[in-house]
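Shown here is one chain on its own, the form predicted on its own, set out as structure tokens.
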């Protein structure tokens, strides 16, 4: 297979935006093209758009063609939309990667976009219920917060993880978000504020959860020859893995604190990249809820099973620790505009590995990892590097 690299990346402001769905497409596309001045819209051979529910929130389908026309792109090799709930953006990157690696295209944009706060917040909550089994779970109230709360309760019972350790994930990621001008939340949060915030699904409190957010992001992928022509600092895709254990809770591992699909996806990505967990300098992980980041530490191999609570409490996932996790603020600080999240994670890794992340720069970052999950049973891992594998 051919080598593939990122050669451009751009992100909109995340938050409760007055911008329309199409406005967000324009903003992310412009930011991405601005980051790669040697690339013109007509140079792109393909566009993949990650977007979960535009039919419900923007009354718009046929998304890739709409976005291509909005951005002045005329795809000659690939035009597609990916819908894979929270991992839609990263799955789009995997499609573009595979297409280029196979020699079917040389230059493809991946755009992630979501307009969730429309028409009203109550409807956004209803819409999010479409991401779990409508007939057997959502209709009984078993949406994402209680599902992840079950994982947190199991982790606390089995490994002694505390509510304070869960809260420290929120403190860390909200602190990181203060250095990110595109983050939904930029005021930070103290331990007392997180511990005192409203209970959502015990033991998960408001500041341990990601918010409903609008936003978009875009990256440009290129074959090795094109990448070296376009920039002297491409960021290489070194490894990728995806694994699924099941959709409904009854299909998952009986221990909800144990997510074997994430471990398998990470092992595939590490093997392909020729590295191990100790080589990762920064990781953008899917902290939709605090417990998800704690379990990610363990399943990605940053610490042993059951040690995730202590890992964050000792600062091992922060600046000065072993791996900086969620330097842009994660989903808790930045927000979680579903289809845009994975692309925004890739954009952050792109900036970090090019030493362009400003006040949140991880010193001498050479290897970056990005992880998305869609529920607790499905996981996607990407590994990027300054040097090709």
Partner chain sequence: MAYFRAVDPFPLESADQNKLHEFYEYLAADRLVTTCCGSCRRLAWPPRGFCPECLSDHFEWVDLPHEGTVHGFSIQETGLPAGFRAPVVFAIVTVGGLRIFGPVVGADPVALRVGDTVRFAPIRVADDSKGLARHLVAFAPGARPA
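All values reported here derive from a predicted model rather than from experimental measurement. Residue numbers count along the first chain shown, from 1.
Only in words, not in the display: the form predicted together with its partner chain, which the text now covers.
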#### Entry: Proximity of residue 141 to its partner chain in the model of the complex, heavy atoms at 4.5 Å
yes
### Task
Would you please decide whether residue 153 lies within 4.5 angstroms of its partner chain in the model of the complex, comparing each non-hydrogen atom pair?
yes
### Query
Does at least one non-hydrogen atom of residue 91 fall within 4.5 angstroms of its partner chain in the model of the complex?
no
### Query
Though only this chain appears here, would residue 136 touch its partner chain in the model of the complex if you measure heavy atom gaps against 4.5 Å?
yes
#### Entry: Per-stretch contact check against its partner chain in the model of the complex, the hit in 229-237, 253-261, 306-314, 216-224 (non-hydrogen atom, 4.5 angstroms)
253-261
### Message
Under a 4.5 angstroms heavy atom criterion, identify the one residue in 123, 279, 192, 164 near its partner chain in the model of the complex.
### Response
123
### Task
Taking 4.5 Å between heavy atoms as the contact cutoff, choose which of 75, 211, 145, 188 touches its partner chain in the model of the complex.
145
